[in-house]
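Consider the single chain below, provided in structure tokens and representing the form predicted alone.
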């Protein structure tokens, strides 16, 4: 397979971006984001074009997916849609609603400043945009949390979190103007009071170029409050909470960011934003760093749903390699049937040696010293082993960024980050179950109250009805009683007014 024709020139030593050819078959997962899958709107055997919607939902947490190649819908399951490229397939590219070609002399401001926030949300949602830094949080839902208020700070994350990943740097070399336009669109969508571009010190020159490009195309109201912040090039300074804390000058946890008017966009997300809103291209590809077993790195623009086995066949002689999705520090092992998704910022093909034996915790506290967010991993491990969610919450497990620094420091080789990630998920499920139980209890109590009120109303109705039925009888008895009393009263009056009876006998008559 010839890929050299698609190489874009890059001024740095970072591997350039290579366009990976459309595979013969793609398996597109329906859920590539934080949230539920959207409803499927295609059928088996249907012909689709690249960029065409395969699922749809109006819920911002149910992000739609699009066809990454043109072909035929081969299979549909509850988890994925498989597309098969036809031998002489139509090379058309589907798209969302396109903006007309930009007139000469116009800017991002004149074209897109008139959109309301709801228009931004709808277009971003329809394009299937999620956070491409690894979190895959729906972009429209992230903006929607602001309500009608502006963002206090819009942070553009241009710092690679994992030292082995370089796809963001390659994208900066390849498409810095497109990223800048995406940042300008993000400013309009969020109406940010302040915009900060955060980048590591070893890429500060690229950061200056990006800042200049942003200032050339953004509105004056945003340009006056847009700046560049350079952070030390050390892991894991590219993590959202750490980068935001450094840039705003105060310590923030992931919860603090989620519940505030602070918003973070990865530069890959900004690039996709400009592609979607300006060119009308939905999210069908992503740029990922590929690391082969010899530690060679490549940056590929891959169609979503591309089987990773295709990459193995091209880059590896053996087929028994292990696939790790994610960087050297935070990567997770996946099966040979895995495919490229919106979360695949790095794919490692390696032959893993025998894993060291896991031993009990020796309470050395090296993990505490290594934790960049000041947690106590040894105490968290104890609480996680007993599923003590109350203690886990007290110990701020939710603030763990899963950087695996504790894993690297642990002499007992305990996979602490994996245990914490599983515990966080279980804690979320437990919290959700308790919320649902409380909701069900509240609904039951309201229903019982409604039934009791209804019963009381029925009793009142019956009492009133019985009272109305008894009313004539009572009236008749009262009338009879009144007649009797009147008759008695007349008798008493008659007796009272009757003259005394005449006594005709005299005393003389009684004498003989």
Partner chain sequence: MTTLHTNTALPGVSHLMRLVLAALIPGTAVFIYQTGWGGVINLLLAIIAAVVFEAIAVKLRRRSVRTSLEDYSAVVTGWLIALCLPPLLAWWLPVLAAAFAILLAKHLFGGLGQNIFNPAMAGYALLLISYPLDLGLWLNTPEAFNLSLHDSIAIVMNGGVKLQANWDALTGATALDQHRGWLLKTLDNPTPPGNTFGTIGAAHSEWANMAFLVGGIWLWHKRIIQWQIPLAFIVTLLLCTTIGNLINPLQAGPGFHLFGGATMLGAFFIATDPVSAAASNRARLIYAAGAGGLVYLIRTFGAFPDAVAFAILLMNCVVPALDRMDIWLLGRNNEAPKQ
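Every value quoted in this text rests on a predicted model; they were computed, and no experiment measured them. Numbering follows the first chain given and starts at 1.
The form predicted together with the partner chain is left out here; the points below concern that form.
- Contact annotation: residue 364 falls within 4.5 Å of the partner chain in the model of the complex, judged by heavy atom distances.
- Taking the partner from elsewhere, residue 240 is found to have every heavy atom lying beyond 4.5 Å of the partner chain in the model of the complex.
- Within this chain, residue 227 is remote from the site of the partner chain in the model of the complex, having no heavy atom within 4.5 Å.
- Within 4.5 Å of any heavy atom of the partner chain in the model of the complex lies no heavy atom of residue 168.
- Only one listed stretch (219-227, 175-183, 418-426, 375-383) carries heavy atoms within 4.5 Å of the partner chain in the model of the complex, and that stretch is 375-383.
- When the partner chain is considered in the model of the complex, only one residue from 408, 350, 193, 84 comes within 4.5 Å through any heavy atom, namely 408.
- Checked against the partner chain in the model of the complex, the residues 413, 149, 295, 145 give one hit for a heavy atom within 4.5 Å, which is 413.
- In sequence order, 233, 234, 235, 236 are the residues of 218-245 having a heavy atom within 4.5 Å of the partner chain in the model of the complex; the partner itself is omitted from this view.
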